[in-house]
Ligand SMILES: Nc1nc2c(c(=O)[nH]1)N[C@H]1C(S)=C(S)[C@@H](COP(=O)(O)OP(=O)(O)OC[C@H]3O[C@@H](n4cnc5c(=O)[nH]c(N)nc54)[C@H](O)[C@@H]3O)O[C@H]1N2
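The chain below stands alone and is given in structure tokens; this is the form predicted on its own.
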Amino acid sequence: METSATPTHCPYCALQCGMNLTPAPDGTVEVTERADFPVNRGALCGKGRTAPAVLASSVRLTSPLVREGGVLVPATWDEALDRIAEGLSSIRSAHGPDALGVFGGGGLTNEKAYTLGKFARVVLGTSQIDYNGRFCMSSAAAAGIKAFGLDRGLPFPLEDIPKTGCVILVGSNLAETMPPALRYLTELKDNGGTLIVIDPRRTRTAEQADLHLAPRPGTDLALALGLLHLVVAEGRADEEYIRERTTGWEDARAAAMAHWPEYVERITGVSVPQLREALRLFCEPEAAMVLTARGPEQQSKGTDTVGAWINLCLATGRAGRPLSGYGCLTGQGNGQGGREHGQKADQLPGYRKLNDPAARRHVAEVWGVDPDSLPGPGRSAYELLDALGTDIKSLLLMGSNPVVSAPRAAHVEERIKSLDFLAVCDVVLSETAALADVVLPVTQWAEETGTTTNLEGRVLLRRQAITPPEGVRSDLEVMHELAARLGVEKGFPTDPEEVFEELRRASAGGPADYSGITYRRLAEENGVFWPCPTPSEEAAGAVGAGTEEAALDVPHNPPHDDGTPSVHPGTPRLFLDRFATDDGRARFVPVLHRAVAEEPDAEYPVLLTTGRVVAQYQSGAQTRRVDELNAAAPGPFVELHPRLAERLGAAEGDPVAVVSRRGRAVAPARITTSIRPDTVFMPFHWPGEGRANTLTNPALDPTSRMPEFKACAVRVEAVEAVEA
């Protein structure tokens, strides 16, 4: 047996930590340190160390399943694929192509995400495609595009964080969500920098902070505006930077001046002295950063909230300068690449807009179709799920588990059950897959080669390390076979490198230009940052505005001796010369505070916020199958303050019910002073009666269409009192 180690990357979060995989004689796979990868430098969290456990045949799917007499039973691949093709074809004939829904995942490789978008639009002809990455960083993406003209999670590499003077971390608990990244904050402090953490809970990350601000959930927008007010009032605005590199300051300043510190204190619960201290720590060093995550983003005003933090960076000259800037900590493993190349309802490969005629012509030419045949933008993720069983009659789902992960999850579960036809491709029999008419077992990270794009915009090659079990096929094979059965014989290769070569052409000239990236380069380098155009005249100059290479029509490196052009090096740091706007200037966007969509009242007097724990990941479909992780985090809980617990008569470990307008969840009480008395917290990794997303509010941000996971009104009850 081949026992050499394969360098690859973790399948979980957007760090995409490097690791080595070595098959063992007993059929297991050993994870060892890969110190050469600069993001994690060998460090791995428990999820990464135990990731091979899900490769075992005993915990994953190894045969297609079809529903017979209400029960899923094993079937051959031909039977399963034929049934999917027949189901999709008959529904399309009866109701039209938009009766076919497609829902993808932020864990799919770039090749699979690209192919899924192409499959939906070329084979099915449907506009109804989106993915669970909409629930990740869509608000930050929308705000980044408004302000900078381009969205990439971090416009600088992680290695810059310890070298800056101050970091404001808003709504992120890196110690539990991305543990290997916590070292960057530790190194920041070791270097004399300061850390400000903004979170309604005193998390393990907040405990590392020089200053912890604990605002009421859903008030991050007011907090940012209050800090911007103080920038003006204390004369801390960088007027020269504002004059030379931005537009729109007057309107943004006027909006901020309506949020004086005492007013912000009443809204947020953060005291005026704390506000002033936060601003002092942020403004005194030469360089500083603001990093946001799901806390401010998963709100019905998430785009405005992130925009307010960007305004703070712009007003103080902390964007587009070395070791300064705004960045978003992407959550899912390929949340960045997954939306760049076609899974999102309104986007084509290369981060092009589906309603842009030039973008449609370019991609249609690569695909060999008429631009007019491509459907227009479809529904966002929650809106798509909400429409299931009405005008959307069928759903093809890859790499997602919305029965656990979607807001208002009980309603989404009912919508899924109302479908005429559901087909799921997954590694395990998730709660959503268990409802399907057909389930296809597909390969996972260690069993296939493909690329992902991490939170820095670093494109990586995840290599195949082992042979998949017999009976398992790749998602690319699935789409190839279904396309052929639905009348499209060409254009859906099964070789991931061949798909990537087409993706390069489709992305060329777009904002997320991968055309200068090849598998050979990725195999030789520790990732390549996009935009990375080819140095040819056709691709150069069309992308990368505001990168270190302001004039991309000139190759970065001189030609080789034989006259052939050198490769573009990629772009680790964006916006140093100019922003990706028409005039090269960043845009202030004026915003005003507004309340959460559902404020507490007499019936529902407490706010619920949700999040993750270190030992589980997303909907838990994979991590809940790993014994070591379950031992560390066996089930859901409700975190509540001692004063609230006393009013309920609840002791540590007692079951309590959390009730919202959408449903009821029951889990053991975890009593702690690390949370505000007016707030409760639940992790969202579990199904059943402790499913946190039974409670959450699907109120959508008007721009990003992000649901308001982070704040909804609830009441908390002692279970005994309810049952009595």
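Residue numbers here begin at 1 and follow the sequence given. In this text the structure is predicted, and so the values were computed from the model without any measurement.
Note that the form predicted together with the ligand isn't included here; everything after this is about it.
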Please tell me which of P349, G450, G527, G295 lies within 4.5 Å of the ligand in the model of the complex, judged by heavy atoms. G295
A506, L108, A446, L460 - the one with a heavy atom within 4.5 Å of the ligand in the model of the complex: L108
Contact test in the model of the complex: Q618 vs the ligand, heavy atoms, 4.5 Å: yes
Would you check, heavy atoms only and a 4.5 Å threshold, whether G611 touches the ligand in the model of the complex? yes
Using the partner position in the model of the complex, report whether E456 sits within 4.5 Å of the ligand, counting heavy atoms only. no
Please determine whether A595 contacts the ligand in the model of the complex, using a 4.5 Å cut-off between heavy atoms. no
Partner-proximal stretch of 147-155, 353-361, 516-524, 175-183 relative to the ligand in the model of the complex, 4.5 angstroms, heavy atom: 175-183
Within 502-534, which residues come within 4.5 Å of the ligand in the model of the complex, counting heavy atoms only? none
